[in-house]
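The data below hold one chain only, encoded as structure tokens and taken in the form predicted on its own.
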């Protein structure tokens, strides 16, 4: 049977709530867990957040339940629903795992919170049956199959966005404020602008959430004591902005801004003009690129900037490598450790303590299939059509050659302006 949520009181005859929640992890690892506590049990609840991956603790009493109990249960169940995978009905994406085009589409769908099922043509029998049924040749991959029977072959992101219903055309002639960039800052600006009754337009070249939206887990964001995924934070923010009246366009790219007598003119890459009284530029940052031989050619084909959540399933029982010692690298390592056989973090320094939060360091040290390789640097990556080997300089040893299919790079960011 599938169980979505366990709710346990801390004080029970014969067993404490934390012990019960620890025991059920073996049988229902994906179920959410809520602990009911009295004021005197708060320390046990806080300890349980780390020990049993507690999702929430509720202090008694919770009167009225309509305000203090039911909304929390609904929120936890909504979060569980996002990751629950019943028999799939929806978009099916078929392609080769190690191609840039396949990765780009997967990343775009995931970034825009669109559920889809990835089918590797080399491994999945369903994929082979579908392309035969659709009379699709291998050169036409990646291909997307929709529930209405439509098939898109090697689509551009604009074609895909139009098909899945993303909005790319402004509906109003004039806006009070237009926000360029839909990361956390842009989303917050959209919420505040719309809540004040301003005609608010939010636009992004790829997807909402920005770099934060790709994070597998954010544990130091104010107001979320048990942490929150980047995709869930994005979902909540974009829902809030649109509920208040903000309009969101994606994927659209700004190529020109002009100052007119009474308004500002924004020109998009397709030539469309947007008229607005004010502009907020919140384009944020982009991943810093690793300037090492072979990296650029194999990016998207085994080498990824971010994208841990998008490509995690492809890393099942593989040896995975991560470059970088910041929080993004640590969060990716923890997430990928659930899928990969081993995760190796490569850093130039002798310790993570200089660049990573202590709570993440402790989690990594407690995870048996994560290892830290210090004083290490990648000197070259090689492969025919996908990543096959990485060459390292490590602890004074040159040209250490390792077999690798997946390399995730988190070496900081640079302003995207």
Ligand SMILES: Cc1cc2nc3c(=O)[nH]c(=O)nc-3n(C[C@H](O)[C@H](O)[C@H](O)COP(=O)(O)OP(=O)(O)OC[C@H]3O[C@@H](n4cnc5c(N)ncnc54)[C@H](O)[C@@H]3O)c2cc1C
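Values in this document were obtained by computation on a predicted structure and should not be read as measured data. Numbering follows the first chain given and starts at 1.
Omitted from view is the form predicted together with the named molecule, to which the following refers.
Of the listed positions (244, 279, 254, 72), a single one reaches within 4.5 angstroms of the named molecule by any non-hydrogen atom in the predicted bound form, namely 254. In summary, among the residues 214, 112, 337, 102, the only one with a non-hydrogen atom within 4.5 Å of the named molecule in the predicted bound form is 214.
Residue 284 belongs to the set of residues with a heavy atom inside 4.5 Å of the named molecule in the predicted bound form. At a distance threshold of 4.5 angstroms between non-hydrogen atoms, residue 207 is in contact with the named molecule in the predicted bound form.
For residue 182, a non-hydrogen atom is located within 4.5 Å of the named molecule in the predicted bound form, even though that partner is not displayed.
Residue contact check for residue 220: one or more of its heavy atoms lie within 4.5 Å of the named molecule in the predicted bound form. Per the 4.5 Å heavy atom criterion, the named molecule in the predicted bound form is contacted by stretch 198-206, the sole one of 81-89, 122-130, 291-299, 198-206.
Here the marked residues 328, 331 and 416 all reach the named molecule in the predicted bound form, each with a heavy atom within 4.5 angstroms.
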